[in-house]
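As a starting point, one isolated chain is supplied in structure tokens, in the form predicted alone.
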């Protein structure tokens, strides 16, 4: 890969991050099957919780729309699929390539900059997260859970969720010293998974917990996706989108700076 990049000094700056995407495509082309878990995991949750538990719960009122419990849960699972798909590559996989494989030592010996590395890895994570999200959207379509024409924006919404978590995940990983530090990632993801109004309406939580949940990152994505899928649009969705965009941009900036400090002292 390094030799290939050395003979391309004429690459325009906006094209350089795509060299990292190309590198990842080539690296994974023989082990494509590892992506299958990201496709089937949210489907299993939808079948077990959305349909199984849904038989016990019945219909829910969401913004004046009475929908089956499965339709309530599915957009939240879509947001989780986008989050998980993006975090996997920008945390564990990025850490291995940086600390052990020394992939970026060779990359930075080419015309690519630390910002190109950060942008390229985030772009790859977004492509992976978007693939998981698109597959899950087709599943929702098959089950009849897309209740509005605004559902077409659910995939761009999932990409925005992925961007937010990819940026923060990449930035956080640059501060990790060993695999032990990944326990902090799990400590953050599990509460987000359980307490982001994914499985229960926010009004069912205690008042104090509601206030905390409203400021958590995954909640922004769950509300955004659920509103688009059901057709419950309101101006505050722009605030949720801005929150996720800010996460991604801040994470990208921090990650690019940290990669430069760590690998170009």
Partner chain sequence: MNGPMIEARALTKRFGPFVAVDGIDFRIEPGEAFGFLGPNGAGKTSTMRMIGCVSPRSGGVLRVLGLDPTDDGPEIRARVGVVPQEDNLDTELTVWDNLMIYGRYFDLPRREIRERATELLEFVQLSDRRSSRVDPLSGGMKRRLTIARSLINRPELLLLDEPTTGLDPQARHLLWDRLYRLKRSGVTLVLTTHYMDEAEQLCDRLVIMDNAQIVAEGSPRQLIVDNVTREVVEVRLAIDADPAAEVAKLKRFGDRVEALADRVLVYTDDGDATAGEVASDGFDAASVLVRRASLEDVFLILTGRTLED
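Positions refer to the first chain, counted from 1. Keep in mind that what you see is a predicted model, and the values were worked out from it rather than measured.
Although it is not shown, the form predicted together with its partner chain is what the next lines describe.
Checked against its partner chain in the predicted bound form, the residues 151, 139, 174, 110 give one hit for a heavy atom within 4.5 Å, which is 110. Within 4.5 Å of some heavy atom of its partner chain in the predicted bound form lies at least one heavy atom of residue 101. In the predicted bound form, no heavy atom of residue 156 sits within 4.5 Å of its partner chain.
Using a 4.5 angstroms limit between non-hydrogen atoms, residue 29 touches its partner chain in the predicted bound form. For residue 147, no non-hydrogen atom is located within 4.5 Å of its partner chain in the predicted bound form, even though that partner is not displayed. Heavy atoms closer than or equal to 4.5 Å to its partner chain in the predicted bound form belong, across 224-263, to one residue only: 263.
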